[in-house]
Each structure stands twice: as structure tokens, then as C-alpha cells.
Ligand code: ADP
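As C-alpha cells, one chain now follows by itself in the form predicted alone.
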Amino acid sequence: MVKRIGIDVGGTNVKIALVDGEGKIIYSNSVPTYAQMGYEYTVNNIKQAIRDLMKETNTDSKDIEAIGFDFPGQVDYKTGVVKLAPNIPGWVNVPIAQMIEEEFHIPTKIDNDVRCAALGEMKFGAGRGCENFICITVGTGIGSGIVINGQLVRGAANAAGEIGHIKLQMNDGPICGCGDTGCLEAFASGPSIVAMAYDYIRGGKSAKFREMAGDGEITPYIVAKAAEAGDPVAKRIFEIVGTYVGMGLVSVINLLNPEKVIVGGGVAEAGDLLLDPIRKTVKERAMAVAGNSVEIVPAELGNHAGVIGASMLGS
């Protein structure tokens, strides 16, 4: 049986999984990233997690066909170097694939986290059987993986898919984490939901999400739960966010004419609260032929999309 290791590196935790050739997770675990300790510390933690996985599953290097990593940020798929991971301080030009190959003598590949999610969805999730689709994640940021004619698109500098930085406003607009203004991500990500919620409260109004948060922070999850409970303000926030995401997708749908748009990420766990306004906006604003031929669906692999997709890199 084919066995591969997928590793999803985030700012807080590193998820690791042993995955079979059918995309089924045989074993999974996570370890803290401890980004503040420097990349060497995290790399050593990852090496130990791989050793622990092998011990727990009674496998060794010759049983593992490949190791794949996904990272948030800019990576070089061809050289196996993490160029820049903005949410993980210190990860600048880190040759992680070489480090792991030298330690375990197993072929190792890396890619961007959303491209890995798209790869997982293409092989084992909502993208099965699709030749052309976009996998978008809506969370702290907004990213996408693009599949055209059955192939993952990486671009000339391995930077394709930055849908979160499509400009929705020519001048001014909210400042994005990239430093520019008017980006989709600045209008419609998780932090945007929280900002809208606090703006409403500052206006002197009461809302269910304020009650639900109690003395804690308001989160996108709490706003979604308030919307599900019928709170009109929370529902309106998701309607606004979904409309913005839909407007960003209209440009992509008109350009690429995909069969599907697969929507995942933490904010997308709100389901139809987010998907319905996306669908409505695409129906109203996309060119008729492209708009009528696209299906907008939720991702199927959830939190496992990254490790499953990463395990398939190079396959």
C-alpha cells in the first residue's frame, strides 16, 4: 500500500498525517509551531514529529513514498525553498525540502497551503472529475488554488492564485495586509467580519453576537452562530462579506470559465450564510455563459485538505 506523509505548517500548529493512496488518513497528530523560537526549532520539532509518526505506525523511510509540506505564503515548488511565510516569523529562504530529504532520505516537495488544499479537493474532494475549477479559502486571509485542464496552476514565480488581492476599489479603500488598499481580502476576510461587528457595537446598538461573546473577543465563528440564530445584523454582515467574495469571483469566473468554485476555510464553515450571497452575486454579475456554467460548492475535505493535498505533491 502506498503511504505518504503530509505536513501542514501554520502559525500556531504543525499538522502531520500518514496518508494512503486513496487519500485516507491512517494516522495524524499535531505539534506546536513555536514560531517565536526560530525556524530551526520548528524544523527540529517537525523532524521529531516524523520520527514519532513512523514509530506509532511501525513504518520506516523505505515504507514512505514521499513527504509533502504546505506553507502559508510564498514558496518555490521547484527548489523546495520557503521564500516568505508572513505569519511564521523567521521563515525566509528556508530550504526545508533539502533539510528533510537529508534527514530521512525520502523525496520531499513543498507548495502553498491553498494550492495543496486544491490538490486534495481535486483528487479526493469536491473537485473530483473536474477539469477546471477554483478552490478558494476564506479565513484570516483569502487565497485560491487554480486547476486548468486538470493541472494545478503555479505561475511563473510560483505565485498564482492570489485572489485575495484582486482590487475591488481603485483608490483608497481599506488597507490590506499586503500593504496596498482596496483588496478583496481587506473587505471580506475573517478580520473584516470582526471589524464590522465592532463597528456596529460602537454605533451604540445591541446585537446577539455581543451577548454570545460575553467578556471575550468577538470572532467570525460567534458572528456566524448569531446569524444562524436569526440575528439580523450578523446575517447582514455575512451577506456583505459574501457579496464582496462574489464580486472577486466574478472576475475570475469571467476570465477562466471554471466548472466549479470550491469554497473552504474557517469563515466558509458558516455554509450557506456565506455561499448564498456569493451565488447570488455571481448569477447577477458574471457574464451569462461563464456564470451559468459554474457551480459554487463547499469544500469537502475540511481541515484535512492541506495534509491530504500536501501528501500528494509530486504524485
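Position 1 is the first residue in the sequence shown; the rest follow in order. Here the structure is a predicted model, which means the values were calculated and not measured.
Omitted from view is the form predicted together with the ligand, to which the following refers.
Have a look at 181, 219, 132, 74 for me and say which one sits with a heavy atom within 4.5 Å of the ligand in the predicted bound form. By the 4.5 Å criterion, the partner-contacting residue is 219.
Using a 4.5 Å heavy atom cut-off, which residue among 46, 270, 53, 250 comes into contact with the ligand in the predicted bound form? After the contact test, the surviving option is 270.
Hey, in the predicted bound form, does residue 90 get a heavy atom within 4.5 angstroms of the ligand? Because no heavy atom of residue 90 falls inside 4.5 Å of the ligand in the predicted bound form, the answer is no.
Is the gap between residue 176 and the ligand in the predicted bound form 4.5 Å or less for some heavy atom pair? Contact check for residue 176: no, nothing within 4.5 Å of the ligand in the predicted bound form.
So in the predicted bound form, does residue 126 come within 4.5 Å of the ligand, heavy atom to heavy atom? Although the ligand is absent here, residue 126 would stay clear of it in the predicted bound form, with no heavy atoms inside 4.5 Å.
With the partner left out here, check for me: in the predicted bound form, does some heavy atom of residue 238 sit within 4.5 Å of the ligand? Answer yes; at least one heavy atom of residue 238 falls within 4.5 Å of the ligand in the predicted bound form.
Interface stretch in the predicted bound form with the ligand - options 137-145, 196-204, 166-174, 101-109, non-hydrogen atom within 4.5 Å: Flagged stretch: 137-145.
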